[in-house]
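Take a look at this single chain, the form predicted alone, given in structure tokens.
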């Protein structure tokens, strides 16, 4: 039986990054992945493939809506869904192969098969042919991630009633798609097909889309997506989804408790994700699972069994790839006796629609609920010269600061390249910058980043320059 200092169950962003950091720190490391490719949900059926399709569909949208205005005449532009899926698959394959290269480079042993605890230091690995290998590990990290969630009545059949996994490999462009859930996954994949000509309708239980983000962002994104043809049915509770062969019937109750029905080619169930621990046999290692299906951990991400840790989607907190990565590094360094830290308040969130939505820190509603005295500044993207030049004029940047100290407490934006722009706010807040600090930094012109400076000026002394 082979013995390791550390075994990691799951090769997603949390697992493979933890493996690399542990190997860098001198640990003999093994990673266990039940599928034949590394990278987990993010690389195979999540972050990477969805962004590949989002980029492809954005190119098509620009060709059919914006090229003429830019002086580019094109005729008979057609979407080729087969080629889009083919390119997406190539991007996924290249990325997964990159992870395999990193495992080899760092001398990390890779076991393909379902990892299951025999006890707190022994793991059984059963491959797809039924062959069982057993290894010994002084320490283990559970990084088994999550899977698509659904509620009674909306069980996916993976044919017409689909999850994000099936949506990433559709062989046709639907004429109409109902998306259950107005969160990140539903809006991103809805955007892919909406740009390609699908009529997209979103059914959401809450009173706004992206309900976990700042309310202003939800309102602005709703306005933008409506202009692109989206229809929204808010405060609707889905009762049932039925596959009728060539169409899907969705029955829901609206906020007045009146039953309404929707009909579409496909129904995308996008009501979040849930922790995945199937087959882990956690109880054999004394690892506690909460009522929500999460692995219970302390502040050091240790489970109820001290030599076993857990990270990423399978533990509390936001289900984000970059959060899992940071937790993987945190745990590896903690094991090595270092003193790492994680500031969960400064983990940015992003929605990859266009324009993108990004946020860090507290929302205005959260701060009001806490009783904080705050001041709020904002600046519209349309006031930027760079935005007019690129024809990307939708959106705004919002900066929230403490009324007395001027410390920035939250930054929220819907803007072109918001996923990249948000890092200015993350760095500023990591060093506890004030709105004035951001406002006095010279920003290059013309750029989208100027909107952050202007919003900070507005929060600081209500003296934005260009509006």
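Positions refer to the first chain, counted from 1. Note that this is a predicted model, so its numbers are computed, not measured.
The following text describes the form predicted in complex with a small molecule, which does not appear among the structures shown.
Although the partner is absent here, residue 9 sits close enough that one of its heavy atoms falls within 4.5 Å of the small molecule in the predicted bound form. A residue is said to contact a partner when one of its heavy atoms sits within 4.5 Å of a partner heavy atom; residue 29 fails this definition for the small molecule in the predicted bound form, lying far away. The small molecule is not drawn, but in the predicted bound form it has no heavy atom within 4.5 Å of residue 155. The closest heavy atom approach of residue 113 to the small molecule in the predicted bound form falls within 4.5 Å. Within 4.5 Å of the small molecule in the predicted bound form, a heavy atom is found for all three of 276, 321 and 352. Though the small molecule is absent from this view, in the predicted bound form it lies within 4.5 Å of a heavy atom of just one residue from 146, 359, 303, 191, which is 146.
Residue in contact with the small molecule in the predicted bound form (any heavy atom within 4.5 Å), chosen from 331, 280, 217, 103: 280. Contact with the small molecule in the predicted bound form, judged as any non-hydrogen atom within 4.5 angstroms, is confined among 62-70, 39-47, 436-444, 406-414 to 39-47.
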